[in-house]
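First, one chain by itself: the form predicted alone, in structure tokens.
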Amino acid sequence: MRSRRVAGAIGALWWGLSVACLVAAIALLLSIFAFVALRGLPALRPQLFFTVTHGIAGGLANAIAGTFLLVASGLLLVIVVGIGSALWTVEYASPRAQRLMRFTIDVLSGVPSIVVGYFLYVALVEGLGWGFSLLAGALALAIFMLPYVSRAADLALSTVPREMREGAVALGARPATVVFTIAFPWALPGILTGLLIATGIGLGETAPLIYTAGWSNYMPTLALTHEPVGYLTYVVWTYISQPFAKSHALAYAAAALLMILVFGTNLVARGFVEYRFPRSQRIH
């Protein structure tokens, strides 16, 4: 009887600690959202979306367009490499090669962003003579987004039931048919989750872009090299340190936009997954 009471007390204690940690995490998240919203939303005036930055003020049109270009270009690169590497790891690699690939991806996710940025600056901006450019910035973001997309796709493809694969093969389906008609549709929600996380990572990166994309007060072009690109995180990082109210307002407006973009991306992706794959159809 006493042991049951002790076990019950320990269980209640752990339950209370878990609830307290959950409440603390939610409170921290809400405080960050409130801090940014209270200062950034009032600064989001319509002219910000149609005016480029200049001096200590101006608008955010160039930074918004540059952010979309950089993140979209990085995603295009990482979708091919990340999903392709996950497909090879799950479908074709030997157990030893699988362990090596997954270890490499995990190590890559822990590389400091400033180190990758400086390496790409030496290798691409200076070494190949690209200068600050869209392609260099997209490659920098792709390096940081790759582990999240690759591991998410790896885990999602690994959860495809063996019975479904074997049934398709028994019916005469080729390996490529099994992958594209059985494995990918089943793993799509998990892959989308990885792409969602990668998008948030790309939106929030600053250090590698300083070394690769540089900064520009002008609207970005589609030139891949020799053309610096503006982005929102640079505005937050730079303008908040200026001793001017206009600069602070612009920095908070950029931070609010980033928060809205991340929240909107989560909402759209989750809504798509719920619509396309209802819970009754999802086993994993």
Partner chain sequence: MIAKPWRIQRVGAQAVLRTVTITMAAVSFAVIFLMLAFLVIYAYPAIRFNGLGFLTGTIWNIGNQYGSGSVSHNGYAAMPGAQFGALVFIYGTLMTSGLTMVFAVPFAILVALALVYRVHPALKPLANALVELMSGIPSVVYGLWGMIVLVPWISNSVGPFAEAHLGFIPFVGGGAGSGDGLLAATFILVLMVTPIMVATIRDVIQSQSETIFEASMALGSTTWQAVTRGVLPSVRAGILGSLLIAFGRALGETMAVLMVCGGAINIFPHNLFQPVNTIAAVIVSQLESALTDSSGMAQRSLAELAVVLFVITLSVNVVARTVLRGTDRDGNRA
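Numbering follows the first chain given and starts at 1. Since we're looking at a predicted model, the values are computed, not measured.
Keep in mind that the form predicted together with its partner chain is not shown, yet the notes after this line are about it.
Participant: Answer for residue 271 alone: is it within 4.5 Å of its partner chain in the predicted complex, judged on heavy atom distances?
Facilitator: The answer is no: residue 271 has no heavy atom within 4.5 Å of its partner chain.
Participant: Given that the partner is absent here, does residue 152 sit within 4.5 Å of its partner chain in the predicted complex, heavy atoms only?
Facilitator: Residue 152: no contact with its partner chain in the predicted complex.
Participant: Is there a non-hydrogen atom of residue 224 within 4.5 angstroms of a non-hydrogen atom of its partner chain in the predicted complex?
Facilitator: Heavy-atom contact with its partner chain at 4.5 Å: absent for residue 224.
Participant: According to a 4.5 angstroms non-hydrogen atom cut-off, is residue 129 in contact with its partner chain in the predicted complex?
Facilitator: Flag for residue 129 set to no.
Participant: Counting only non-hydrogen atoms, which stretch in 63-71, 49-57, 216-224, 232-240 is within 4.5 Å of its partner chain in the predicted complex?
Facilitator: That would be 232-240.
Participant: Do any residues of 83-100 have a non-hydrogen atom within 4.5 angstroms of its partner chain in the predicted complex? If so, which ones, in sequence order?
Facilitator: Heavy-atom contacts to its partner chain in the predicted complex: 84, 85, 87, 88, 92, 100.
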